[in-house]
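Encoded as structure tokens, the following chain is the form predicted alone, with no partner shown.
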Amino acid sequence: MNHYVRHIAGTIFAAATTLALSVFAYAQQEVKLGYALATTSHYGVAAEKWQEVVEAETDGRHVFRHFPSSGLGGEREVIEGVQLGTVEATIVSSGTLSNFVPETGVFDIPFLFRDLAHARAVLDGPIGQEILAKFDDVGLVALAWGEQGFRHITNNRNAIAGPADVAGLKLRTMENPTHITAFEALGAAPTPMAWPEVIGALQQGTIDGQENPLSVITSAKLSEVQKYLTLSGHVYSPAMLLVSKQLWDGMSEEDQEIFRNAASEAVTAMRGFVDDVETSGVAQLKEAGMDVGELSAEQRAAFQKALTTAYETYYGTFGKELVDQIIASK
């Protein structure tokens, strides 16, 4: 009888342990978070803050695992992983977003925003939030607009003072139709390329240059493979914090609110990083040996004039009314 009791007790204990472990496993939802740059970048700063807030406020129900430096592949691959639910979250540039929600491309129009304050106000306002909501239709949950800053051109061929200096320049661009249209109008040879391939292509001379915000140029140490930096500020570059529908639909409303608020805090940290780099980045790159030039107001106007045909394309794609509304936003 005692043997029977011990057997039953052991069986109950084993079942209870299995149940406890399964409940623990359920409680500890892993959130795989992929992003293109290093942990020391603005992406990394945002990722760390997102993790910090979510893990603290969900009492460990959600545990983040970072995959920086394109550890899960290029941005398009990662977004597709988020759609499928094989990746839970990502912080991405606007480079490939228009392939999923075409309207996001409107923010990539050259010389659309006056400054960072203007861009942030539009993205955080009704226009930006309406576009975030459209990601629901493609199986993604867009929580917030992040930021990279204004994009600038680097290359190994020559300094740039006007559109003629860009002609024929083999320039890596993101997989972004809005950017590609602009550089084709300027006579360059835009070359769409996933970020993990860029450094090697610059080292080998497969491409002459690339364009990115100072936040990327500094964190990726592009000064080691590029000679000339032109502070063109030709395009404002947003980013986005996305999570999978599978993760989102499996959460309580309370946890959804925590994720959304944590994403907002991550954006604040990201924008703070960009503000710091905008102040210190140029001096850092000069010290690293880059030849740095900045377009004057007249030179920027010459670029805008050279983009006339591109603007006509943008009006046809996004609607002139929307473009004008963004430009007029306070």
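All residue numbers refer to positions in the sequence shown, first residue = 1. As the structure is a computational prediction, the values presented were derived from the model and not from experiment.
Although it is not shown, the form predicted in complex with a small molecule is what the next lines describe.
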| item | value |
| --- | --- |
| Contacting member of Ala263, Leu33, Met270, Ala36, with respect to the small molecule in the model of the complex [4.5 Å, heavy atom] | Ala36 |
| Listed residue that, although the small molecule is not shown, lies within 4.5 Å of it in the model of the complex (heavy atoms), from Leu97, Ala144, Ala89, Met174 | Met174 |
| Proximity to the small molecule in the model of the complex (heavy atom, within 4.5 Å), stretch among 147-155, 182-190, 110-118, 241-249 | 147-155 |
| Distance check, Tyr228 to the small molecule in the model of the complex, heavy atom within 4.5 Å | no |
| The small molecule contact at Asn212 in the model of the complex, heavy atom, 4.5 Å | yes |
| Interface membership of Ser223, the small molecule in the model of the complex, 4.5 Å heavy atom rule | no |
| Val82 within 4.5 Å of the small molecule in the model of the complex, heavy atoms | no |
